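First, one chain by itself in structure tokens, the form predicted alone.
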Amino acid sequence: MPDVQNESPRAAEPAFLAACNRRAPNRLPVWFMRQAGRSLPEYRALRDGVTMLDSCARPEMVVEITMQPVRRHRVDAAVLYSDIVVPLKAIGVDLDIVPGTGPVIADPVRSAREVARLRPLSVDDVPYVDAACRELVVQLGATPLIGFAGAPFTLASYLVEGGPSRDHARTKALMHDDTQLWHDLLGRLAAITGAFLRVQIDAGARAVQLFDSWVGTLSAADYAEFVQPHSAAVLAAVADLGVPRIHFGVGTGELLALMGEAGADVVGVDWRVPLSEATRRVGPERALQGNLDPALLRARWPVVEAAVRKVVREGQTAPGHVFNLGHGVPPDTDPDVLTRIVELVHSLTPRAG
């Protein structure tokens, strides 16, 4: 496929990487969380009759699904098609992704004996991830591949609760009732996650995102004491590899500064906090990613266009800005709307909205 980067002299550094590194890109870069799959009819056709975890373990399928939004939308980065529980499955955790529910753990982890079963991860546990990344690098050319992983808190929540939870009550109770066990659990998950990200970078990923779906349920004090050190350990585990590290969580407006301090190069911002305010909270040392409200993708185009332009204007306050949604692409999104957003964002210069 043709190189999706522009032909200007600055195109030697892909726009996505330039923005992550707080350098002026040749154009405002854009990609979408959960762009690989979800809304695309070609994805649904390919996945027909194949479970989520099986699809993540088939390199040829991972490659095709990862490439689909790049071909269709001409986004500035590809994100590896995978799931946050893939490394847990790879080390032997008995789990399944139940359609309409999410990850379900057969034997929840709530004791020292169960925590001790969480062994380290190596590339030999996820050869399909290594193979898919290497092939994607070839097919993508200059377009960067983003690797990703679930953050320790979110993985712990699934393990402790046994599946998705509305209040994360068991997780929070364990956190406070047995802090030693909690830190042992998150320490093991941090090591697993760091190793999983290294596999992807070693195979060619040029950036990574640490995704913390549920950490917004915590207070800033609890995050700082019980979670930040472990997220920091994950990000530190790949610091020597020299790729941008993005840290994103949902409902994390009060945690943005702390998430940045955990070691992120780029802080992802959900739709609840304007990027101008997020810049103030995070500071000038880190770029921002975000943050169009995904719900607006269902609105009329004039509404979408106005919202996109507003996000771009607010992003000008950041030292670097990667346009994205404030969370993932909803499954019922019209793909043509995403394509139009990419075209609009690319038409706006990095410093003019």
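Predicted model, so just to flag it, every value in this text is computed and none were measured. Residue numbers run from 1 along the displayed sequence.
Same protein, other form: the form predicted in complex with a further copy of the same chain, not shown, and the subject of what follows.
**Q** Using a 4.5 Å heavy atom cut-off, are W214, S219 and V303 all in contact with a further copy of the same chain in the predicted bound form?
**A** Per the other structure, all of W214, S219 and V303 touch a further copy of the same chain.
**Q** Taking 4.5 angstroms as the heavy atom distance cut-off, pick the stretch from 52 to 60, 317 to 325, 66 to 74, 303 to 311 that is near a further copy of the same chain in the predicted bound form.
**A** Of the options given, it is 303 to 311.
**Q** Quick one: does G253 come within 4.5 Å of a further copy of the same chain in the predicted bound form, counting heavy atoms only?
**A** Flag for G253 set to yes.
**Q** Check whether L46 has any heavy atom within 4.5 Å of a heavy atom of a further copy of the same chain in the predicted bound form, and answer yes or no.
**A** No - in the predicted bound form, heavy atoms of L46 and a further copy of the same chain never come within 4.5 Å of each other.
**Q** Considering only heavy atoms, tell me if W271 and a further copy of the same chain come within 4.5 Å of each other in the predicted bound form.
**A** Because a heavy atom of W271 falls inside 4.5 Å of a further copy of the same chain in the predicted bound form, the answer is yes.
**Q** Even though a further copy of the same chain is not shown here, does D240 get within 4.5 Å of it in the predicted bound form, heavy atoms only?
**A** No, D240 is distant from the partner.
**Q** Though a further copy of the same chain is not shown, can you say which of R119, R170, R134, H183 has a heavy atom within 4.5 Å of it in the predicted bound form?
**A** Only one option qualifies, and that one is R170.
**Q** Could you run down 284 to 304 and flag each residue that has a heavy atom within 4.5 Å of a further copy of the same chain in the predicted bound form?
**A** If the 4.5 Å heavy-atom criterion is applied to a further copy of the same chain in the predicted bound form, 284 to 304 yields D293, A295, L296, R298, A299, R300, V303.
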